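The chain below stands alone, shown as structure tokens; this is the form predicted on its own.
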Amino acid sequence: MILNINARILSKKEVAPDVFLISLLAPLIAQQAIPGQFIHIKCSKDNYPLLRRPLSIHRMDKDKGEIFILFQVVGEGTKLLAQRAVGDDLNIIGPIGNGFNIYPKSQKIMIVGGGIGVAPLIALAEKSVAEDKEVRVLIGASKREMVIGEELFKSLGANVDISTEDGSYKYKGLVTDLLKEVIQVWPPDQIFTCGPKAILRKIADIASSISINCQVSLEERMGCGIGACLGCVCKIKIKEKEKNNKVEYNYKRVCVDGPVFKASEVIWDD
């Protein structure tokens, strides 16, 4: 059930330059939410900006009734959200969308986060560990200061590898290059990922080449966030024709049909 509630800000912390972690008191959403879902947030106290912002649920504490969001300031909406104070109420809608699907038979789980794409992956790691899965996490960032979530993933018991594009911390290069090396010695049963579209596409190709199930959390601009406006559609394969090698597809709404999709179903060309 999708709820529309006012959630009190319990804490706020800048965990990296222009990256904020906020905890919200939202017991009903905390109880219902699953890893990969998101909330739609009214960022300001007035009606500007008009549209809400979709943000992944970073973590859920069902006992305390808290949910956490992790976001980077990239525009007017997130700038205003970062200015909100502890004690303020945020109007939020959620939990929305389909989450990650951990297969019961999977024992080795690979989690790959690019930049702020780590946001929905902590909750996934927590669930995976709770189900006695062996979890390995790859975090990609532009530089050391932008590495997010390393210690938290480690505290859960996950094996964590880091890549930085400038080589300022651990592996030098893209997280996709690191993935290619790691899976040679540690082939997972499933790969879960969130990040920039270009990274997701490369990870999808890597997973496809070795026939590993891969699930991606897509990011799209949203209007309503509940599937009515059709402003966040993406192309999803429904059938591949063998004769002319053309692919049939449907448009799916990232908000309610996603944001998590099988990587093999996403048409990445557009």
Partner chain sequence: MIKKPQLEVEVGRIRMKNPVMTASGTFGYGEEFSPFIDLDKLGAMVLKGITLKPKMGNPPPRIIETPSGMLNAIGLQNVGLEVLVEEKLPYLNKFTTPIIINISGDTIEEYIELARRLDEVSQDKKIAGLEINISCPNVKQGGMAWGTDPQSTYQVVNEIRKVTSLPLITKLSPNVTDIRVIAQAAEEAGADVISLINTVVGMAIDINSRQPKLANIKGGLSGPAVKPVALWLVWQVFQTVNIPIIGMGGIMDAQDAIEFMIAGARVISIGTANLVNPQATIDIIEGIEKYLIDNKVKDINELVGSLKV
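No experiment lies behind these values; they were computed from the predicted model shown. Numbering follows the first chain given and starts at 1.
One more form of this protein exists, namely the form predicted together with the partner chain; it is left out here, but the text below deals with it.
Trainee: Could you tell me if residue 212 has a non-hydrogen atom within 4.5 Å of the partner chain in the predicted bound form?
Mentor: It does not: once the partner chain is placed as it appears in the predicted bound form, residue 212 has no heavy atom within 4.5 Å of it.
Trainee: Quick one: is residue 28 in contact with the partner chain in the predicted bound form, heavy atoms, 4.5 Å cut-off?
Mentor: Although the partner chain is absent here, residue 28 would stay clear of it in the predicted bound form, with no heavy atoms inside 4.5 Å.
Trainee: Indicate whether the partner chain has at least one heavy atom within 4.5 Å of a heavy atom of residue 249 in the predicted bound form.
Mentor: Output for residue 249 is yes: heavy atoms within 4.5 Å of the partner chain.
Trainee: With a 4.5 Å heavy atom cut-off, would you call residue 93 a contact of the partner chain in the predicted bound form?
Mentor: Result yes; residue 93 sits at the interface with the partner chain in the predicted bound form.
Trainee: For this chain shown on its own, do 42, 224 and 229 all sit within 4.5 Å of the partner chain in the predicted bound form, going by heavy atoms?
Mentor: All of them do, each having a heavy atom within 4.5 Å of the partner.
Trainee: Identify which of 51, 218, 34, 206 has a heavy atom within 4.5 Å of the partner chain in the predicted bound form; exactly one of them does.
Mentor: It is 51.
Trainee: Can you tell me which bits of 2-21 touch the partner chain in the predicted bound form, meaning any heavy atom within 4.5 Å?
Mentor: 2, 3, 4 sit within 4.5 Å of the partner.
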